[in-house]
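There is one chain below, alone, in structure tokens, taken in the form predicted on its own.
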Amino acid sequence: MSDLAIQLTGVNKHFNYFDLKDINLELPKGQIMGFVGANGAGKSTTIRLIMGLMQADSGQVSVMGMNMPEMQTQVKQRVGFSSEEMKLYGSKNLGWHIEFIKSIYPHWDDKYAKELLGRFDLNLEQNIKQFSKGQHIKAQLLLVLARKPDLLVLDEPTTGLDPVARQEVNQELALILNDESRTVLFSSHNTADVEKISDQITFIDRGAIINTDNKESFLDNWKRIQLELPSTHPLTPLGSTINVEQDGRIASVICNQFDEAVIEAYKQQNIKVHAADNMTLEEIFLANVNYRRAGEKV
């Protein structure tokens, strides 16, 4: 039996104005993956392929060891999916939705549903059309999570929320994911949300996956080194440098595999090293995108 919850191999999908190109993606069971990309990068298209909502032109999509979309009926019994595009019935209350979902999924957990109802501060008798956007998203999550899915797929769950509602949803989501071992694919263009929750990070840009690694490796290996040169001659970068910005004698260098030996090597060239700073996930993502796009222009 495969240890992978999701596996995409050589997946391609063509549209008139967009191509998903040679997607290779692996999410091990028990891991939380943040799937990061700008709007229009291909996150939702990839997720639709994973969920069997569309078929790849080529390549293979496997979820919980089953091929998609051929086995989507069996897969969807084990996968919880929430997307900003999904809508609940506005004229029905939350209690009606719970009873409906409960009648379909045999692993529905009443005790857990009541616990989530309290955490999310939701009213069973309130009609969905009276919910705020934040309440609507929480209701979606409750209906998905109380089914006890083996795999949770969240496509931009906090998009469009005001800062307070987004923080509230993220706090609750972090608590939920810490409750037990879960496998989660969490798609977002907001790197701050992803950084708080994920174990693994995958970056996608213009239909192609440009980097994937565990979060700690990204945060440990990527550094911005601040340098002061002895002259205004262009800096000769050392080590795993992927970007140099220089203004006169001041230079800023980004490297993706930081090594302390590089600091000593710069010093031996009479270059002052002012700092080797950690980078945020957003900065790392942007550096990846810029490096790839610069390579495409060569």
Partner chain sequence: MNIPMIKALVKKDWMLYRRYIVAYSVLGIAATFLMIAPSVVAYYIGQVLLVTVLIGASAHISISSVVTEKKEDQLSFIMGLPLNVTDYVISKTLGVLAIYSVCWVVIVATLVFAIDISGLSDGLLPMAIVCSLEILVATALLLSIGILSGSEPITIVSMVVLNLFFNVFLFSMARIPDIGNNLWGDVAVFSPTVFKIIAVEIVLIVSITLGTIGIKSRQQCFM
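Residue numbers count along the first chain shown, from 1. None of the values given here were measured: they were computed from a predicted structure.
Missing here is the form predicted in complex with the partner chain; even so, the following discussion is about that form.
Can we say F203, R224 and S240 each have a non-hydrogen atom within 4.5 Å of the partner chain in the model of the complex? Spot residues vs the partner chain: no contact at all.
State the residue from D121, D109, E228, E85 whose non-hydrogen atoms include one within 4.5 Å of the partner chain in the model of the complex. That would be E85.
I need to confirm a contact call. Of L94, I137, L143, V153, which residue comes within 4.5 Å of the partner chain in the model of the complex, counting heavy atoms only? Only one listed residue qualifies here, and that residue is L143.
Is it the case that I104, even though its partner is missing from this view, gets within 4.5 Å of the partner chain in the model of the complex, heavy atoms only? It does: once the partner chain is placed as it appears in the model of the complex, I104 has a heavy atom within 4.5 Å of it.
Heavy atom of E70 within 4.5 Å of the partner chain in the model of the complex: Yes - in the model of the complex, heavy atoms of E70 and the partner chain come within 4.5 Å of each other.
Is Q55 one of the residues lying within 4.5 Å of the partner chain in the model of the complex, judged by heavy atom distances? Result yes; Q55 sits at the interface with the partner chain in the model of the complex.
Can you work out whether G90 and the partner chain are in contact in the model of the complex, taking contact to mean some heavy atom pair no more than 4.5 Å apart? Residue-level check for G90: yes, a contact with the partner chain.
Can you say which of 253-261, 33-41, 231-239, 46-54 gets within 4.5 Å of the partner chain in the model of the complex, counting heavy atoms only? That would be 46-54.
Using the arrangement in the model of the complex, list in sequence order the residues of 230-257 with any heavy atom within 4.5 angstroms of the partner chain. Result: empty, none.
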